[in-house]
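Below you will find one chain, with nothing else, as structure tokens; this is the form predicted on its own, and questions on how it binds or moves follow later.
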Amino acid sequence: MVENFHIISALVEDRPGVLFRVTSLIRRRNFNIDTITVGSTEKEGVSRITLTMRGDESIVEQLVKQLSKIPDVIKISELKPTESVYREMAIIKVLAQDSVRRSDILNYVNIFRGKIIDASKDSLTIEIVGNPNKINAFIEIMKGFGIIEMAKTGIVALQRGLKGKIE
């Protein structure tokens, strides 16, 4: 059995309790979600849930079938990484108490195309957006400087081209 990384995208009615129904179904089936994000779409009244998980193809197929049975789910699909674009964001507050340390951090922020979004006498707060591997590599480097706080989103994703359009 080969476990792979999967991105599932579900278009749902924007109503109270929909996210609860989706996550309850996933919990009842004992699937493990790595990340989950929810946000509005270009169509009023429709939200997009993007979740990531690891598992073999049969688990993903079973999950997609189960989720499609929820009346509030309009459309559900698995996004293949080669056929979609996906990003994650992290905000990281790092110790930066002297000019040498600040300069080193700024160099890494530039290399990773991040952005300083706040600065204080003793810290820098950095925003970084990219694929999960990039984000994780940046976090590993920042650990060496001393991460004070961190907030990381789950993945948001869309299929490339005209696929996935809400009709």
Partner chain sequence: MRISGARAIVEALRREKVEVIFGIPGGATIPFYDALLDSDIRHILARHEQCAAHMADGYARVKGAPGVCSATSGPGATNLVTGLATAYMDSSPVIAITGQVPRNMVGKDAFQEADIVGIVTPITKYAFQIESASQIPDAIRLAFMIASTNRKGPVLIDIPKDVQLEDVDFDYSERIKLKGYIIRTGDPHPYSIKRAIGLIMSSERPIIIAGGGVIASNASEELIKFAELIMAPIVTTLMGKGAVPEDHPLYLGMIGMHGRIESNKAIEEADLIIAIGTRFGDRTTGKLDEFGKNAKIIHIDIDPAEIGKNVKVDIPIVADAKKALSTLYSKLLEFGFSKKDSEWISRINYLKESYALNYEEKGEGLKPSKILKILRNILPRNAIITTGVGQNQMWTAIHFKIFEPRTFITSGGLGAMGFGLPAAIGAKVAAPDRPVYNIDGDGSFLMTEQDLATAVSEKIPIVSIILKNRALGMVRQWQCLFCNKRYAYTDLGNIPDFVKLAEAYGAEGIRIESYEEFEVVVRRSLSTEMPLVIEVPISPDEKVLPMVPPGKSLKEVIWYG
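Positions refer to the first chain, counted from 1. Since the structure is predicted, the reported quantities are computational estimates derived from the model, not experimental observations.
Not pictured, yet referred to below: the form predicted in complex with the partner chain.
Heavy atoms of Arg15 reach within 4.5 Å of the partner chain in the predicted bound form, making it an interface residue. Contact check for Lys121: no non-hydrogen atom falls within 4.5 Å of the partner chain in the predicted bound form. Contact annotation: Thr52 falls outside 4.5 Å of the partner chain in the predicted bound form, judged by heavy atom distances. Taking non-hydrogen atoms only, Thr125 never approaches the partner chain to within 4.5 angstroms in the predicted bound form.
Residues placing heavy atoms within 4.5 Å of the partner chain in the predicted bound form fall in a single listed stretch, namely 62 to 70, out of 131 to 139, 110 to 118, 62 to 70, 95 to 103.
Highlighted residues Ser40, Lys80 and Val85: none comes within 4.5 Å of the partner chain in the predicted bound form, counting any heavy atom.
Along 6 to 44, a non-hydrogen atom within 4.5 Å of the partner chain in the predicted bound form is carried by Glu13, Arg15, Pro16, Phe20, Arg21, Ser24, Arg28, Arg29, in order along the sequence.
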